[in-house]
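Just the one chain here, laid out as structure tokens, in the form predicted alone.
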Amino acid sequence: MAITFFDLVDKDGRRYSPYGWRVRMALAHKRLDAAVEFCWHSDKQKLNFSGQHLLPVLLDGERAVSDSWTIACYLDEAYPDRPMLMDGVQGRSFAKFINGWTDTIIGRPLVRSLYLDILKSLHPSADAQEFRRRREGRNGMTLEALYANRAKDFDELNHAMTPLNELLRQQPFVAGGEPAYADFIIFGTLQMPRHLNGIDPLSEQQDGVRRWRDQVRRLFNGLADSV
């Protein structure tokens, strides 16, 4: 069956979504080809078929799957003959922990520091006022105030990554000797500032994470650098 991947794009064609990158890397790992449909924030009309308005979405034949974690689980279940993203019950449990840890402990300080950059990058057809209203309501301050706290947020992120850095000093990938979905979860989040504005949130002390990140960038013929 034909697979179509609906991914977020900004006004300049940049694909910075951390969740979109998780799915891109997962598809490459599974050796699955997918056509790509680009969408902007809350492109509800294009995503009506999925029953919701958030990206990413995968359309596999007539089966629509939304949410990056759900998509990863679906790919392993639908294509067990391809390389597994999460090997067995323990592998999925570990990846689920990494998914939650990354979204809350790493993703929150990183994403809130980038909201103003995202606002400025929105596709002209996106609802910029709604984007601002929701993010400011969620965080209790303006996007400009969040931007001003970027250095503090990056310090918080680097402190939280200390155990991960120690792990990656001792083994090549988060999942162990070979890359798996746990790696793509964290890597996808770190792709966000890189593709959005070129900022690197990692401090020089993150030597293990930096080495790992460079190694993941080389996977799949340099897919991470292809857009």
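This is a predicted model, so every value here is computed, not measured. Numbering starts at 1 and follows the sequence shown.
The same protein also exists as the form predicted in complex with a further copy of the same chain; that form is not shown, yet it is the one meant from here on.
- Remark: of stretches 190-198, 156-164, 33-41, 46-54, the one touching a further copy of the same chain in the predicted complex is 156-164 (heavy atom within 4.5 Å).
- Using a 4.5 Å cut-off to a further copy of the same chain in the predicted complex, each of 86, 93 and 177 places a heavy atom inside that distance.
- Mapping the unseen interface onto this chain, residue 70 falls outside it, with no heavy atom inside 4.5 Å of a further copy of the same chain in the predicted complex.
- In the predicted complex, a further copy of the same chain sits beyond 4.5 Å of every heavy atom of residue 75.
- Using a 4.5 Å cutoff between non-hydrogen atoms, residue 122 does not count as a contact of a further copy of the same chain in the predicted complex.
- Put simply, residue 105 is close to a further copy of the same chain in the predicted complex: some heavy atom of it is within 4.5 Å.
- Shown without its partner, this chain lists 101, 131, 147, 79 as candidates; in the predicted complex, only 101 has a non-hydrogen atom within 4.5 angstroms of a further copy of the same chain.
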